[in-house]
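So this first bit is one chain, no partners, the form predicted alone, shown in structure tokens.
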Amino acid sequence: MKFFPLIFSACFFALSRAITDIGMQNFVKGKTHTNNWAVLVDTSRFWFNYRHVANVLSMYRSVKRLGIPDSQIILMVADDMACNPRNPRPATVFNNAHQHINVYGEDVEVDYRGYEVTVENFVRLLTGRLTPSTPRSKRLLTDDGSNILIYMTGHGGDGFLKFQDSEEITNVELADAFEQMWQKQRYNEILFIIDTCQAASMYEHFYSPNILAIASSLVGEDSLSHHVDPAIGVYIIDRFTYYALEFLEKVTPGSKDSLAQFLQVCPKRVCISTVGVRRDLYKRDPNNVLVTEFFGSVRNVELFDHVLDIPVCGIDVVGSEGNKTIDKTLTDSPGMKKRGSFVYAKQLPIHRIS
């Protein structure tokens, strides 16, 4: 039996060499990642900030619909609007006055809620500096093949984003957290989106590679709400996220929509504020990057119409009665024997107790 791992190893080694010779670019053209994650953060408490919860749950609904599983989504919600006593429709959160979509849904999985949403927990999540007792659902288990969507919403100012009206994360702290992620090989590419006032100030100090950053407003501008739901009495979604969701609702897992198209979802005539984009750290052309490379989890498979020249590992079984002698033929891989044999017993020995 011990020869089976050797046979498997030899076949795998031969296949690996064949794939290397063909070139990985033939299998994955232009794709640089192997998995997708999303970190979605609402930093605001209190009923009048209902829209921020609706913002983050809208993004959650979109990425989950496009294929990112809950096990690869970290959802941080600072307040529970669905169960707030002021909510006239308990267990629901809507992002439209017509109440077309309940973004809270029946299967939402909140990983960090209430007072767990802190600057410290957020930075520890990104950098992987968590205590051993932290459950898997609260860990960002990414690697150097991970494309990560990081979406943040709340109240901000020039160079900071408030957490729970009690603390704030600065643009320098956020930039340093991303650099730690890069040094620890925790991401391949990051799409950073922030919907807050003066949002562009939060990406000014980024210096790590492979980050495309999008902000709902430039420095000195407010990021505005979209509309009020009279039944609730508060604004229920922000403008940038409203139009981003409108775009994402038309995207399917097989869509060819590009990130360049997503960058145009909220022109100033509808957003009122000016959407900011920082591309200098991102080496790829957004026109050639699919939206689903960050908002979805799509496996790209290329089909060949010809036979690949892959070395064959053969196993021939000799004899049909009694013990079976098996001859194994391995490939001409360096350092490996070409032939060998072993014998199967009819039955394993039985230990007798006297």
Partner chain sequence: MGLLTDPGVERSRLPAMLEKHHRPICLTLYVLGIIWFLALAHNNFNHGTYFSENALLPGLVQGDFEGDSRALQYLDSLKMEVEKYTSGMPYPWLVGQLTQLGLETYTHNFTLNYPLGHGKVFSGKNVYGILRASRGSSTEAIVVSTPYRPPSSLLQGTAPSVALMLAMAHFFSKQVYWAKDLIFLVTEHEQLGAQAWLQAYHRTESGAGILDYGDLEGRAGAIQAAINLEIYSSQVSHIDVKVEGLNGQLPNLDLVNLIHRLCQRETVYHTFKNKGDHPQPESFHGWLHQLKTLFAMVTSQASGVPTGNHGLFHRYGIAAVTLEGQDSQGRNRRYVSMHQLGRVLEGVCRSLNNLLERFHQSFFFYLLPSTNRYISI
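Residue numbers count along the first chain shown, from 1. Just so it is clear, the model here is predicted, and its values are computed rather than measured.
We do not show the form predicted together with the partner chain, though everything after this point is about it.
Interface membership of residue 256, defined by any non-hydrogen atom within 4.5 Å of the partner chain in the predicted bound form, is ruled out. Residue contact with the partner chain in the predicted bound form: residue 230 places a heavy atom within 4.5 Å of it. At least one heavy atom of residue 84 is located within 4.5 Å of the partner chain in the predicted bound form. In the predicted bound form, at least one heavy atom of residue 234 sits within 4.5 Å of a heavy atom of the partner chain. Heavy atoms within 4.5 Å of the partner chain in the predicted bound form map, among the stretches 187-195, 88-96, 169-177, 213-221, onto 88-96 alone.
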